[in-house]
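Coming up is one lone chain in structure tokens, specifically the form predicted alone.
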């Protein structure tokens, strides 16, 4: 069994686990940045910017995730190639849209056909990160927008009475206090993001679900590395243990963060800590 689990093909599923972890590590702060920008835009006093922020939140949250992953990535990829085409091939005299085909010059393709395989994989991974960040950033923006509105107005009025500017009030009073209201929603969003990682296969990335299906399927005697019957149940059981363990660790970490944020705050968590002390 050890020999079977260390074949060359099995190294691919271990690499896929690392890909999922890297995706989460990169996507989470990127989505939070999108969410923070969207929340700031939604509460801006400049009306066009406010409409833009609220439209971003409403549109992305209203579109099913799978539809967004199926169509948005293609549009994003073609948009990048169209811009490169306009810049790199100004003398192109043929239409870009030829029926169902999207045709650009060779110099505008992303990545180039001559590029090594790791560049193709990195480009696909970057598109995945950007797509995940845009989708989950809209949900994070909605959570942060509500958290900003939950901060007591008396805190902001007191800051203004002490002579703080709007910028100082925002960064020194509003932002530090909003996290305690935002963390429950962000915690749920983190769990949803973990469960959404199998959507990577829609973006052409061979994730752990793909390899569990591939390696667990029946292997006939022509399969040189250890033929076996249908073992997909055991592979998906291993995925179940992986995801449950990961979410359990995440819950413990998030509980510690919540304890740290509620310390000294005028919330139920802060009151409970003061009572316990």
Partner chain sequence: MSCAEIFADYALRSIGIGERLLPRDNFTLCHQVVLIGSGLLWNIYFGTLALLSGFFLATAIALGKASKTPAFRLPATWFIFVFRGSPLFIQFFFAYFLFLSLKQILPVFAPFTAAWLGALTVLFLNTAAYSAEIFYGALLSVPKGDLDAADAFGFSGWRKFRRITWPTMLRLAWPAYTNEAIFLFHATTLVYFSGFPAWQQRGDALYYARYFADKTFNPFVPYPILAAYFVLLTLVIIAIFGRMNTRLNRHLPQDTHPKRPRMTMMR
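Positions refer to the first chain, counted from 1. None of these values were measured; they are calculated from a predicted model.
We do not show the form predicted in complex with its partner chain, though everything after this point is about it.
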* Asked: Which listed residue (83, 164, 107, 192) meets the criterion of a heavy atom within 4.5 Å of its partner chain in the predicted bound form?
  -> 192
* If you check 44, 237, 37, 52 against its partner chain in the predicted bound form, which one has a heavy atom within 4.5 Å? -> 237
* Can you check whether residue 185 is within 4.5 Å of its partner chain in the predicted bound form, heavy atom basis? -> yes
* Asked: Are any of the heavy atoms in residue 198 no more than 4.5 Å from a heavy atom of its partner chain in the predicted bound form?
  -> yes
* Does residue 71 reach its partner chain in the predicted bound form if we count a contact as any heavy atom within 4.5 Å? -> yes
* Does the 4.5 Å heavy atom contact test between residue 155 and its partner chain in the predicted bound form come out positive? -> no
* Site check 48, 171 and 175: each within 4.5 Å of its partner chain in the predicted bound form by heavy atom -> no
* **Partner contacts in the predicted bound form for 151-178 (non-hydrogen atom within 4.5 angstroms of its partner chain)** => none
